[in-house]
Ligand code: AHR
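Below you will find one chain, with nothing else, as structure tokens; this is the form predicted on its own, and questions on how it binds or moves follow later.
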């Protein structure tokens, strides 16, 4: 029998909204003709940003948005992106060797902060630790956060149109330093992180959350050596808040995400479920050097990475790929897992927001579409800030060499007041599931809604020509405390129930 058991007496705490974070890099078409169309564009916009995207993004309550990289951060000079746009320098983008695009710097610090303000997201800046000095990063923080009238840098910000501080809390110091970020050793990365953050102490750091560059996927040796070096200092002038890790399912292996068979469906889901091992194994090593768990795991890049060219730009936008029900299921599995590890994962940022990997949006010219991934985030948003409810799953499992067994049912639950949110994924490609709902400590009884995201063909995509091919459906539901619900095959389901008083 398929069943989920909710234990209202057990919880891992509050699900940090930042788990539902996003990522916007200056790569391909993410910004230019994706998020940013320019103030003079015929496309309806709000101060240069695509209005349809801003309006849509705001609806899912994005808690945090990472910028400007990714790898783009490794050569980024924040001063290129301030001041009059017509005077900003044009630079060779980090990704120029892939697509020949030059960075116009039309979107810089002020524009990005404006976007965050429009949608209600906290800014998360990925700062360059590869090709600039520690003072350069320290000055960026001062420029962003100090009140006008206090310093020359804060006065410069005010002169550039923003008298009020941006109050940026999240600062990633370095990005992928094991690779494009300088090909560092873990020991050097830790030392550089300490060096860069130490000089920030004078700024007052109690409201700053610094994130250290962690591993690529399951590279446990990086984490062990990084943590050993970081913890060898008996005193840190400036504390760290988190350690990042990046994980993509099929990174650059030549498979596309539009055409797949049954084996390809399940192979992708095994890869998505591997996130459990990545987070748990890295945390276990971190515990050796951070037993009180002062550091959060920050999964600030995650998603499916397939060959590009399947999106509407037909390869013009670097790494752009379509998204279908399989991508949506990967998002659901991953978010359910993050909910169930909310005591460990402090932030996560799906890559990327628009016209790229695992995107929520595809856009170009007058065209704009929400992908199935977007609808998953819309369905799951009520978990943000909710109290986690321990959720046990009973369902058939699949086996694959090199992976843990894969349950064919994914679930997580949270509670806000008397409103219960349960999100489910039926990973079975062909068969529906009758799932019994059981509970401990409180009866699952009340009225609410059941939202279902699926399609007859799991390869169905939302396109410019057919933007609503994949849409969630919603119906009213009444639960009586001993219920069985039916999940269609390859479906993502949300239950939102106002529990009766007991």
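Predicted model only: the values in this text are computed from it and were never measured. Positions refer to the first chain, counted from 1.
Another form exists, predicted in complex with this ligand; not displayed. Remarks below refer to it.
In the model of the complex, no heavy atom of residue 371 sits within 4.5 Å of this ligand. Contact check for residue 246: a heavy atom falls within 4.5 Å of this ligand in the model of the complex. This ligand is not drawn, but in the model of the complex it has a heavy atom within 4.5 Å of residue 305. Contact annotation: residue 189 falls outside 4.5 Å of this ligand in the model of the complex, judged by heavy atom distances. In short, of 418-426, 173-181, 375-383, 136-144 it is 173-181 that has heavy atoms within 4.5 Å of this ligand in the model of the complex.
Here is the short version: of 95, 337, 78, 265, the single residue with a heavy atom within 4.5 Å of this ligand in the model of the complex is 95.
Of the residues given (301, 103, 320, 327), 301 alone sits with a heavy atom within 4.5 Å of this ligand in the model of the complex.
Residues of 14-35 placing a heavy atom within 4.5 Å of this ligand in the model of the complex, in sequence order: 23, 25, 27.
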